[in-house]
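The chain below stands alone and is given in structure tokens; this is the form predicted alone.
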Amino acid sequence: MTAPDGGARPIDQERAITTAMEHVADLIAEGYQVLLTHGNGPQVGNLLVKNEIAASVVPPVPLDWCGAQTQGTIALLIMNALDGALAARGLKGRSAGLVSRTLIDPADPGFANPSKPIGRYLPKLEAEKLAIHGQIWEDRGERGWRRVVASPQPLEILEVDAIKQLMAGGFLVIAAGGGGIPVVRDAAGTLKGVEAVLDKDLTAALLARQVEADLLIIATDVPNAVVGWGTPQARAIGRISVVELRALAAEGYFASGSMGPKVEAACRFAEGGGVSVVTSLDQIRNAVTSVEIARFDVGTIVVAS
């Protein structure tokens, strides 16, 4: 949802989402029922910078608030772009963005040792101003200080019943954006947002499983995952089983900050009885068609265009 050079100006985001929705509209025009989720890294990053700049004047808002704000903004852009793309195909758009919470375990090991870096590097004095508000910052050497938070496992999307009802009513739903707003439930049953970042791909797999989807497509910026990336032995991965893909992951072929979470999410959904595809955004229509033609068995993963 940014420009090719990584730019995240409002116009960059609007253009990127408009392009993405053209591909989604193609699927809807062919009669497929689609449920969308999305990332929000650059958008939350922008909010964090605003927090930092204004920290001495306005108290910074917590991460769960940032997640909710970006879910609403991105859903707005998606709905506008999708309605336009469908109208161009002679179809009436019926889309709905849902602010979505993801339940996590307050005893998740990630909270004991927050290690997920977020936001930009800052000088020590600026980091200390933000630490006063309860944030955790670490000295990262020459580049400066950086904020770290927990990245716990997603357990349940709490709005799944609302998602199902909207889908049954014919709406294309945008939900669980950015991995969902992380919340924990206390002994009294009260829900509370926490300072954490959830992996969007793992939440996507969870969402797909909760709504009993047939196919999970993880759209990225490369046509396929590759074994031996950057070496003469590099080869694209096509159809593969969960066991085979997990073996490759165990050998360290997929970077934890990029393809690794996508591979893990694909495995989790396939293990639950679905079919997973990891491919580039412009190939999602072909991916659906390929799965139908090949009649892949449940538990299959396709990590290719």
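The numbering used is simple: start at 1 and walk along the sequence shown. These figures come from a predicted structure and were not determined experimentally.
Below, we refer to the form predicted in complex with a further copy of the same chain, which is not included among the displayed structures.
Partner contact region in the model of the complex: 46 to 54, out of 28 to 36, 260 to 268, 241 to 249, 46 to 54, criterion any non-hydrogen atom within 4.5 Å of a further copy of the same chain.
The putative spot formed by 9, 59 and 193 is fully lined by a further copy of the same chain in the model of the complex; each residue has a non-hydrogen atom within 4.5 angstroms of it. Interface residue remark: residue 201 is not counted as part of the site for a further copy of the same chain in the model of the complex, having no heavy atom within 4.5 Å. Remark: residue 108 does not count among the residues lining a further copy of the same chain in the model of the complex, judged by a heavy atom distance of 4.5 Å or less. In the model of the complex, a further copy of the same chain sits beyond 4.5 Å of every heavy atom of residue 121. For the chain shown alone, residue 165 is a contact residue for a further copy of the same chain in the model of the complex, at least one non-hydrogen atom being within 4.5 angstroms. None of 215, 136, 227, 183 but one reaches within 4.5 angstroms of a further copy of the same chain in the model of the complex through a heavy atom, and that residue is 183.
The partner is absent here; in the model of the complex, the one residue of 80, 220, 210, 153 having a heavy atom within 4.5 Å of a further copy of the same chain is 80.
Taking a 4.5 Å heavy atom cutoff to a further copy of the same chain in the model of the complex, the contacting residues in 66 to 105 are 68, 69, 71, 72, 73, 75, 76, 77, 79, 80, 83, 84, 87, 94, 95, 96, 97, 98, 99, 101.
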